[in-house]
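Take a look at this single chain in structure tokens; it is the form predicted alone.
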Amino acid sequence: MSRTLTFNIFRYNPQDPDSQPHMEAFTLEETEAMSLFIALNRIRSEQDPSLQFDFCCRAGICGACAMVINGRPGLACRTKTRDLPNEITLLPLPVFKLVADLSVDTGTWFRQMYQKVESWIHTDKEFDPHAKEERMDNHLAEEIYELDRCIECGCCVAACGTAIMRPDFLGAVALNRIARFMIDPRDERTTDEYFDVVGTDEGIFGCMGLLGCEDVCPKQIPLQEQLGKLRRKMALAAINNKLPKFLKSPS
């Protein structure tokens, strides 16, 4: 027997001066294998065409439909209503700029973050489009791929206590990105150069280790493992290269 589901959805359009933040309830009869993506599209097509939320791939690849589902960041397209209670509360992701209702602007945040961590291969080699691609050990390529599976949904940022309290914090996604380049043999940056990017309270030393990022990652990327490795590397860099400079007495 199907259930009647109640969806309590955050509504607010900051571009409309008459709009005020509030929760609005909608009811739907649950269908077999219904996802939140299907439910939201039914609500928009059958009850309120003004409801705003984001989606693209519908397969857990683009990350566009991320939202807070009963207090936990997740993807609407990958969340089945059968795994939720009769009453479901949907909120936009925190940290990111609100567009309207459940829609947030993650793109601007990610562009700024990638500029901060210089998210590209740093090399002095001149690119030759006719040359063969550099060979890489399969095991190393798999390690890089594991960290490259991030879909930039923003769930880990929304679940991070530090990111919510401090807008200058890079977040797990940025630190994972740095970890990806640190193991890439094509990137010629030194440990000191990496330290200058993430060896601060805005970077790895601002992480409180609450594990929220890994708990909500829809791609199950081993974020805490990478953050732990990065923290150790940056701590050693501070001891070996940075602290002696500060401890030197003036000549």
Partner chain sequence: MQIFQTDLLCIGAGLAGERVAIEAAGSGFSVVCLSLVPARRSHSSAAQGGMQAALGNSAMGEGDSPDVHFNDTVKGSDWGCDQEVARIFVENAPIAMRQMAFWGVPWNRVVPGEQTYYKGGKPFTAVEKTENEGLIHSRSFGGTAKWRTCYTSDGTGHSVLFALDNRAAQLGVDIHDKTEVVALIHDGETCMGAIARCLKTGELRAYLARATLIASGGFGRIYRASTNAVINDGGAHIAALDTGIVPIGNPEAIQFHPTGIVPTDILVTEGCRGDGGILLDVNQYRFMPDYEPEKAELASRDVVSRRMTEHMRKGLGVKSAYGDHLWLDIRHLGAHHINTNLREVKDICETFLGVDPITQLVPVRPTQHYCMAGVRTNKDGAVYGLKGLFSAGEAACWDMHGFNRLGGNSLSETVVAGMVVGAKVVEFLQGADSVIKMSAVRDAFAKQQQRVTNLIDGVNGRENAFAVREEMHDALVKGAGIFRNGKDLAESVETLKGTLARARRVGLASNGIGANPELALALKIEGMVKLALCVTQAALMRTESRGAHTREDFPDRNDRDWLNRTLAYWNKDGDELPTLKYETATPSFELPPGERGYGGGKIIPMDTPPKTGKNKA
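Residue numbers count along the first chain shown, from 1. All figures in this text were calculated on a predicted structure; none of them were measured in a lab. Whichever C-alpha set is largest while still superposing within 1.5 Å between the two forms counts as the rigid core.
Note that the form predicted together with its partner chain isn't included here; everything after this is about it.
*Asks:* Can you tell me whether residue 84 touches its partner chain? I mean in the predicted complex, with a 4.5 angstroms heavy atom cut-off.
*Replies:* Residue 84: no contact with its partner chain in the predicted complex.
*Asks:* Taking 4.5 angstroms as the cut-off for heavy atoms, does residue 134 touch its partner chain in the predicted complex?
*Replies:* Contact check for residue 134: yes, within 4.5 Å of its partner chain in the predicted complex.
*Asks:* Find out whether any non-hydrogen atom of residue 162 is located within 4.5 angstroms of its partner chain in the predicted complex, and reply yes or no.
*Replies:* Result no; residue 162 lies far from its partner chain in the predicted complex.
*Asks:* Does at least one non-hydrogen atom of residue 183 fall within 4.5 angstroms of its partner chain in the predicted complex?
*Replies:* Output for residue 183 is no: heavy atoms all beyond 4.5 Å of its partner chain.
*Asks:* For the chain seen here without its partner, which of 60-68, 209-217, 22-30, 196-204 has a heavy atom within 4.5 Å of its partner chain in the predicted complex?
*Replies:* Looking at the partner contacts, the answer comes out as 60-68.
*Asks:* Check each residue of 72-94 against its partner chain in the predicted complex and list those with a heavy atom within 4.5 Å, in sequence order.
*Replies:* 77, 78, 80 sit within 4.5 Å of the partner.
*Asks:* Once the two forms are fit on the core, has residue 131 moved its CA by at least 2 Å between the shown form and the other one?
*Replies:* Indeed, residue 131 is displaced by 2 Å or more.
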